[in-house]
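Form predicted on its own, single chain, as structure tokens, below.
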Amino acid sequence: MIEPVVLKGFRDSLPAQEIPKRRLMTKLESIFSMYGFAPIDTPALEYTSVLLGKGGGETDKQIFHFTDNGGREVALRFDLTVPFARFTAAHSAQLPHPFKRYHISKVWRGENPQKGRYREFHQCDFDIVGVDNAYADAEILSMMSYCFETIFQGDKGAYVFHISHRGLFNSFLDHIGAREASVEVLRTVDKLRKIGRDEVKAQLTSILGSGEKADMTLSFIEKPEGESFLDTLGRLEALCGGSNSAADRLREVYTLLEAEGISSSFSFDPSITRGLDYYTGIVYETFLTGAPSIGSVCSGGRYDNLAGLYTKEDLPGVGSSIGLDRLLAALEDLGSPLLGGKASADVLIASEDKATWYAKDAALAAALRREGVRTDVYELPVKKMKAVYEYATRASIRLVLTRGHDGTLKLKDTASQETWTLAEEEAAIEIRKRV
């Protein structure tokens, strides 16, 4: 016998986990469609040359790559953005420009598994490619806001979007004479929430060769409590030596967010840098106020040079990614009503005498399904009704309609334990009412 185990960092998804996940995906897809975004798909497996060196040193270490049976060097995608850049370069002539897409699928990273973080997990990406302006940046942020307002049923205090700009940070590093170390500095600052201020300072001191420059960098990324978005932006602009295009872009984006009435959900946070190397402009991460330890559940930014690795055509991009598995773990901890329904059906129909009554059961089920009622019919012979109710419990089905040998119909609510005897013509009406 082969032991039925799965690899570390991978997992099976039972209906109780998969049903809420699919429900969340459906909600998100409906929002993307409202914004005019189109779905795409890309292969799970890419040539290693397509993926390696695109996210940074740490990411390269996490990529699953190997030689396939044909002797080709291949790798599993570690995110959906790099394959999208390759996709856009390959199909540019067939796509509208700008091109707005969404993609919900699995990715793989060989990192240390922990709560809400696995080696195989779902990402939900949405991007705009082919335009570099504040309108595109703001539209991605607008869609993030709409998604989380929907997930948290209008509670805007349940989440905060933290925004910064790579260009502004690079201007600061230019100003203090540390631009050549920008990649290492950005990666180190990105670890602030994970390793703490003291360790970040020690690493910055080593990278910059100066404790003074390390302190200046920490002063740049640390925001005084209560400071407004625009006040933070003005202060950082001064630390950069004066006005610059990155600050101008952020002001324009913020004005658009104000026009939509959603600016209160966005906080300027200069410590946000994003660890992936391909970001070039605005960057952002999303934190849940009720589950701060879970980390960012939605992140992204502008990447204007990524597609240039695959084509000479100018294809600037901006986008965001929701980590579905991490978000679902947080929603479970928070007791979100979004996860409340885990049933595979609204009602289960079962008859003690299948030979006599199954045709009637099937006809009733068909009528209910046409009315939008999710209906399961129990196909096994019924020796004891206990087996039917055990089936319903495992499938999280609340309503059970049973038909006795004489054709008598009884509807039971397994949650309240209430039971009703029904006439044939009443069955569909009562079930629809209670669903």
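What you see is a predicted model; the values in this text were computed from it and never measured. For every residue, the number given is its place in the sequence shown, counted from 1.
Another form, the form predicted together with a further copy of the same chain, is not on view; read the next lines as being about it.
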item: Contact flag, residue 7 vs a further copy of the same chain in the predicted complex, heavy atom cut 4.5 Å; value: yes
item: 4.5 Å heavy atom contact, residue 308 to a further copy of the same chain in the predicted complex; value: yes
item: Exercise: residue 98 in contact with a further copy of the same chain in the predicted complex, heavy atom 4.5 Å; value: yes
item: Close approach of residue 248 to a further copy of the same chain in the predicted complex, 4.5 Å, heavy atom; value: no
item: The unique member of 330, 147, 136, 168 whose heavy atoms fall within 4.5 Å of a further copy of the same chain in the predicted complex; value: 136
item: Heavy atom within 4.5 Å of a further copy of the same chain in the predicted complex - residue from 156, 179, 354, 117; value: 354
item: Partner-proximal stretch of 191-199, 278-286, 82-90, 171-179 relative to a further copy of the same chain in the predicted complex, 4.5 angstroms, heavy atom; value: 82-90
item: Stretch 1-26: residues contacting a further copy of the same chain in the predicted complex, 4.5 Å heavy atom cut-off; value: 1, 2, 3, 4, 5, 6, 7, 10, 11, 12, 13, 14, 15, 18, 19, 22
